[in-house]
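Before any questions on how it binds or moves, here is one chain, the form predicted alone, in structure tokens.
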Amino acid sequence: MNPKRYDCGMQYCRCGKSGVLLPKVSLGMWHNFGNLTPYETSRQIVLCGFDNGITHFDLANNYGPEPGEAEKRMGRILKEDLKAHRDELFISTKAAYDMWEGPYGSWASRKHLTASLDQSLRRMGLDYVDLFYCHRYDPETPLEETLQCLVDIVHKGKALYVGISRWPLHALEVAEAYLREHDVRLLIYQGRFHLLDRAPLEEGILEFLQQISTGFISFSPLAQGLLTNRYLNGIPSDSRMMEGRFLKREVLTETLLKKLHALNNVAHERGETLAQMSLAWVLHHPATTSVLVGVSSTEQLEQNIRCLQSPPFSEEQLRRIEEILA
């Protein structure tokens, strides 16, 4: 390991009103940490991130494939490579999406959240995680049950902090108040936010998070690769869009492709790639604590980290971006 990794240019941002400092670029382990990827590739990506100052690794119970595989791989990397550095790491995981069969294998009941976190800890060989999320809003389970479970998880020491992901504003407001009244602070909210999808901004979530001094982290800040040069000249045979599982071909319309080329021109004028500019744009918002990047190689990760060297946006550049996306 590089003993000077914290002098490598990584920048850290305080997460809301807390003692947590997150790297502005965090590593998401949704893709490329399952059985379809060689273990050594996953390992090298994690170690490259750590050597470049990434201390936050974002997982979930069902990340793979198969479900649980990403946590197993992280557990092996922790045991074989990063055991001595556990206290430098900020490891998060989640529960609430489909994980096992039966009525308790999904959603946000006390039963599911508790059992899932226990399984996650065993897979990773940890006594606790730094952050545990409720991965999605459950419209059927009473909010008080879900939130009290998060309170109990913190009080039992199974997680140091809790967060929520993809909850609507009205539920977020209830969650923040309930947790605060029970001596647990809502550390962070995770949502999809990028140039092509501004739902957290449009729905008032970012404004509310700023009001309550809670952090925000963007997942899929590159729109699963759309906001890179990956699709500017067609659909590569080894791309997610060709696979068609999460990113569908019909998304890449002629209208969108013209916008992507125009955005790429702005990025080129700024002396950076479209991906770097897209990440810098998300980080430009004052509510953003960190962006979660998912990568398939160490080279891709190092390229993404260079977004921290991006020049500030001029008012003219921001105006042009808005005109392109209008």
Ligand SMILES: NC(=O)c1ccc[n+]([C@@H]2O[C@H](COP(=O)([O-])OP(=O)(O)OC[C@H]3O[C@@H](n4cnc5c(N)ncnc54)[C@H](OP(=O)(O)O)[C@@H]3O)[C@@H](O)[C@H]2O)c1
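Worth saying up front: this structure is predicted, and the values here are computed from it rather than measured. The numbering used is simple: start at 1 and walk along the sequence shown.
One more form of this protein exists, namely the form predicted in complex with the ligand; it is left out here, but the text below deals with it.
Contact residue in the model of the complex, chosen from Val295, Ala287, Cys48, Leu263 - any heavy atom within 4.5 Å of the ligand: Selected residue: Val295.
Name the single residue among Leu222, Leu150, Ile188, Ile91 that comes within 4.5 Å of the ligand in the model of the complex, judging by heavy atoms. By the 4.5 Å heavy-atom cutoff, the listed residue in contact is Leu222.
Have a look at 169-177, 80-88, 212-220, 199-207 and name the one stretch with heavy atoms inside 4.5 Å of the ligand in the model of the complex. Stretch 212-220 is the one.
Using 4.5 Å between non-hydrogen atoms, is Ile54 touching the ligand in the model of the complex? Contact check for Ile54: no, nothing within 4.5 Å of the ligand in the model of the complex.
Please determine whether Thr228 contacts the ligand in the model of the complex, using a 4.5 Å cut-off between heavy atoms. Yes, Thr228 is a contact residue.
Please check if Gln300 has a heavy atom lying within 4.5 Å of any heavy atom of the ligand in the model of the complex. Heavy-atom contact with the ligand at 4.5 Å: present for Gln300.
Using a 4.5 Å heavy atom cut-off, state whether Met277 contacts the ligand in the model of the complex. Heavy-atom contact with the ligand at 4.5 Å: absent for Met277.
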